[in-house]
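Shown next as structure tokens: one chain only, the form predicted on its own.
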Amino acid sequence: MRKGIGVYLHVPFCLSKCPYCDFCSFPGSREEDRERYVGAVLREIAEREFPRRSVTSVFFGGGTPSLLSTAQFDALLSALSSRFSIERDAEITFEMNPATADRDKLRALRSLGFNRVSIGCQSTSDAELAALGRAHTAEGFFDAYRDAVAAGFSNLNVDLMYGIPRQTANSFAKTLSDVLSLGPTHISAYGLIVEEGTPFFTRRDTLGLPGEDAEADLYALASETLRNAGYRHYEISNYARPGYECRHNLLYWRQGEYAAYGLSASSHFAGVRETNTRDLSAYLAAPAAAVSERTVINGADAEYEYIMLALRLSEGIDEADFRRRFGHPFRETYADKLAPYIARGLLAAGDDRTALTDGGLYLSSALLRDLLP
């Protein structure tokens, strides 16, 4: 029996463009712009030829999907339901900016079948939120979280960020404590990356960013605090109550297959990745023919991608699965490159798995550079 797939749908609109963000998103969209875009996505769903498989997860990401109206969500989810067989217990997520929270809309989305909401908190310090250019306050986040719970959502993720300008260990500890008091099922904690081409990049020398050592300490603080609170650190930046790991993202990290719709969205089937254009005009004109990049993943590239994704997870690399896929053992093949990390306690080599330790996860990029083909 073939495994189920995931479906991703990208909504590129935002209230405003955060100065650190390099995602494909646009600020200040009008209702008519969103309506045109949703119409284009509906055409792509109807016309794009993806394998007709059962769906285990659906994820509306962005941008700020919560800017869409209930009717637009309904139309998109109905189109996906007509195109695919969405399993009855599928995980169906949408991302929400607290500044767009609306209890009535949340109730309506819950009734449509959404069962997971991911809330972009980032911090519970108003000063840090202002430094990030966020459109909400800490109180706005708490209100949005309570509204989601009141609307019937019991599976909630909270996105947090560390390495924020002027952030301290004490302020980050308070954010962690504030969020834990709410009891979410899942917490994501990402380090701020100052990407080239963003306003933050041009101001990087004056932002007051923590240094590398301080940022590593913040990562360790998150890991220890959340682990002690009963969360499983199952991926570099993700922590979950047992059984609440994000199924959709696990599908990516385990190299599952997924269909994707919308601007800049990437799909993956049979070792081929297709990515849609970032050009909004081109997408609106011909959404089903908007693929701008097609990559066949095979040979050394396929092996490295497998290693890169598997080592993001605390479960690491299954030695038997690696040998079955690539015809040779992982640990023996890369023994010389792995040895220093094992010696430093950053990599654990068990009987059947090789995985980064909790401390090693933060340094995974160094190991991956060493393993480049």
Partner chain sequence: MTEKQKHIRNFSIIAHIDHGKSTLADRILEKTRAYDLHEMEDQILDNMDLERERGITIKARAVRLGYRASDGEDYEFNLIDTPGHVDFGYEVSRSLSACEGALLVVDATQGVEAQTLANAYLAVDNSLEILPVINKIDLPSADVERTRAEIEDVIGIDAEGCPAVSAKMGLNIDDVLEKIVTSIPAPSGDENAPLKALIFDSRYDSYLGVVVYIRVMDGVVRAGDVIRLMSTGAIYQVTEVGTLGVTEMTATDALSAGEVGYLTASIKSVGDTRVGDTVTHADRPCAEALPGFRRVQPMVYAGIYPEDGARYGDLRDALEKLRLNDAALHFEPETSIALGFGFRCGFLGLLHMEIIEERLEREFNLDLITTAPSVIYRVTLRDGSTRFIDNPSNYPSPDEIVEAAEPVVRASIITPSDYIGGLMDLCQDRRGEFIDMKYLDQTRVELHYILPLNEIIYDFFDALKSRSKGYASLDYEFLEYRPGKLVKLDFLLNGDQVDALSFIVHEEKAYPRARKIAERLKENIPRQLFEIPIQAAIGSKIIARETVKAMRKDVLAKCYGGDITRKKKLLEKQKEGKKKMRRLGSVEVTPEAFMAVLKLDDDA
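Positions refer to the first chain, counted from 1. Keep in mind that what you see is a predicted model, and the values were worked out from it rather than measured.
One more form of this protein should be noted, the form predicted together with the partner chain, which is absent from this view; the next part is about it.
Participant: Which one, 104, 213, 89, 205, lies within 4.5 Å of the partner chain in the predicted bound form by heavy atoms?
Facilitator: Only one listed residue qualifies here, and that residue is 213.
Participant: Could you spot which one of 240, 236, 79, 129 gets a heavy atom to within 4.5 Å of the partner chain in the predicted bound form?
Facilitator: Contact with the partner chain in the predicted bound form is made by 236 alone.
Participant: Only one of 245-253, 129-137, 69-77, 222-230 has heavy atoms within 4.5 Å of the partner chain in the predicted bound form; I'd like to know which.
Facilitator: That would be stretch 245-253.
Participant: Taking the partner chain as it sits in the predicted bound form, is residue 305 in contact with it (heavy atom to heavy atom, 4.5 Å or less)?
Facilitator: Residue-level check for residue 305: yes, a contact with the partner chain.
Participant: Is there a non-hydrogen atom of residue 312 within 4.5 angstroms of a non-hydrogen atom of the partner chain in the predicted bound form?
Facilitator: The answer is yes: residue 312 has a heavy atom within 4.5 Å of the partner chain.
Participant: Would residue 146 count as touching the partner chain in the predicted bound form under a 4.5 Å heavy atom rule?
Facilitator: No, residue 146 sits far enough from the partner chain in the predicted bound form that none of its heavy atoms falls within 4.5 Å.
Participant: Going by a heavy atom distance of 4.5 Å, is residue 270 a contact of the partner chain in the predicted bound form?
Facilitator: It does not: once the partner chain is placed as it appears in the predicted bound form, residue 270 has no heavy atom within 4.5 Å of it.
Participant: Within 327-366, which residues come within 4.5 Å of the partner chain in the predicted bound form, counting heavy atoms only?
Facilitator: Going through 327-366 in order - heavy atoms within 4.5 Å of the partner chain in the predicted bound form - the hits are 341, 344, 346, 361, 362, 363, 364, 365, 366.
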